[in-house]
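The chain below stands alone, shown as structure tokens; this is the form predicted alone.
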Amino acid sequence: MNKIQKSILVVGTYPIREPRHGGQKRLHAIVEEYKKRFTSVTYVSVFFDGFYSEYSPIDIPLGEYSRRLVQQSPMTGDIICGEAIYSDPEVKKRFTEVVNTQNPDVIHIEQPYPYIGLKKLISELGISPKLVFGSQNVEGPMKSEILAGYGTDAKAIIDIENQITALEEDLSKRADLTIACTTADLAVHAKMGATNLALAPNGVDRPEFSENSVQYWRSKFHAQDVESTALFVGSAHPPNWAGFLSMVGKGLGFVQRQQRIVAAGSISDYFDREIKEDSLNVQDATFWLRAFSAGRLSEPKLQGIIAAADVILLPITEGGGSNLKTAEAIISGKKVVATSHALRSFEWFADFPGVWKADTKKDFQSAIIEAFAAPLPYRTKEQTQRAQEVLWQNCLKEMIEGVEKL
């Protein structure tokens, strides 16, 4: 298939050179799918280098003043990065050079934040590229939840949520194409004024792992007399640890001696920091008898631990968008214990063999016990084909077709 003659500039607030968290993986997949279809595709991020150490030469770290602002208010770092595109002189200069060099026909804005400064810069430069709004969540309410979880002042939360909601409404109205992960989010953007919409649920790459990486984890668990593992992969994003605590909990007495609940990703940082063996709280003190922290992992080791796991846990109870980890679970072929919320946009997966859906702590813990004891699920040919829907190339198909028409 011949590529379409279009210059696409994709803008975000984090680098994707070494994609690890869900947002990075989604954005990396979007850029790769664009490259398959269009002649010129460039990604540039404006980011805080205190959060990310791996980035490409074209990516633009914040200047000193903007860096200090993020250090003072890390939970609003994405807003500060968006403002910096116009307000930070060094960032503005470098970003302008990128725009002038690429001369984009289309600017894809991933999450609304870059639009804060980009709107002013586009006007100042006198250019009129088509705008694509890549929404990962309805950000206003979600940011409010995150800030509340960190004990932010109530008035400040309201002000920030209102600012983000106004930004999302403005971009939804002005964008030539608005993309969202779920039909529910699309409906919200339509109410905001979006007229051209495309659904692009979260997906995954086809799993690739080496036998060495799988053997590494099996040997590690075998050395601890662990026969079965239930894996929870996630970032330290508040909905992840809140969901784990509400559905699985710290009291792991229901887990047998030869079984482990395994945490991988930056969610491990939360457990390592917050749950101490020397605590006077009995659940805290005994948690690590049945839990294991794998820490932050390279992609090969992450794929290895997924392949070595017996059960995948999806204890998500809040947050918008669709869960990338659910897509990973679907393509893995493993036994899965999930909440209804974790299955949003993937509700059809609940009927697959080896899937337990549970929405209370008691039911979720009971489902983990059953999943540990159950055999590996067998999928029919039709189910195996259906699972392929979660590959990025299929999830982003409607988005690519929408951009082709701009």
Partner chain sequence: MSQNRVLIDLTDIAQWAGHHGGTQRVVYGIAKNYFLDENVSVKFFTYSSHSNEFIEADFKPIFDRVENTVIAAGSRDSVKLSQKLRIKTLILPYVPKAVLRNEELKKKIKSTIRTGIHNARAIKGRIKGVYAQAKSTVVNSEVGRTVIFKENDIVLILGKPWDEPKLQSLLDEKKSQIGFKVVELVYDLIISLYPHLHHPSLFKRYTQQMFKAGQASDLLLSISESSKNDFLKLSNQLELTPPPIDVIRLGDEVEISMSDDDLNAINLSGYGVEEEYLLCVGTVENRKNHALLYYTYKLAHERGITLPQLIIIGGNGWLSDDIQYLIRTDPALKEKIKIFSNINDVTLAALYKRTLFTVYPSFYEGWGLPVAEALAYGKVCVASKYSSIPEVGGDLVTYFSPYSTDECLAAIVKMLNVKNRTALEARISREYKMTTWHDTYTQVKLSLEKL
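Note that the structure is a prediction, hence the values are computed from the model and not measured. Positions refer to the first chain, counted from 1.
There is another form of this protein, the form predicted together with the partner chain, and it is not shown here; the text below is about that form.
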Legend entry - Contact test in the predicted bound form: residue 345 vs the partner chain, heavy atoms, 4.5 Å: no
Legend entry - Contact label in the predicted bound form: residue 281 to the partner chain, heavy atom within 4.5 Å: yes
Inset, instruction - Report whether the minimum heavy atom distance between residue 209 and the partner chain in the predicted bound form is within 4.5 Å. - result: no
Inset, instruction - Considering only heavy atoms, tell me if residue 289 and the partner chain come within 4.5 Å of each other in the predicted bound form. - result: yes
Legend entry - Partner-facing stretch of 56-64, 373-381, 22-30, 357-365, counted where any non-hydrogen atom is within 4.5 angstroms of the partner chain in the predicted bound form: 357-365
Legend entry - Listed residue that, although the partner chain is not shown, lies within 4.5 Å of it in the predicted bound form (heavy atoms), from 141, 251, 74, 300: 251
Inset, instruction - Go through 118, 188, 230, 255 and name the one with a heavy atom inside 4.5 Å of the partner chain in the predicted bound form. - result: 255
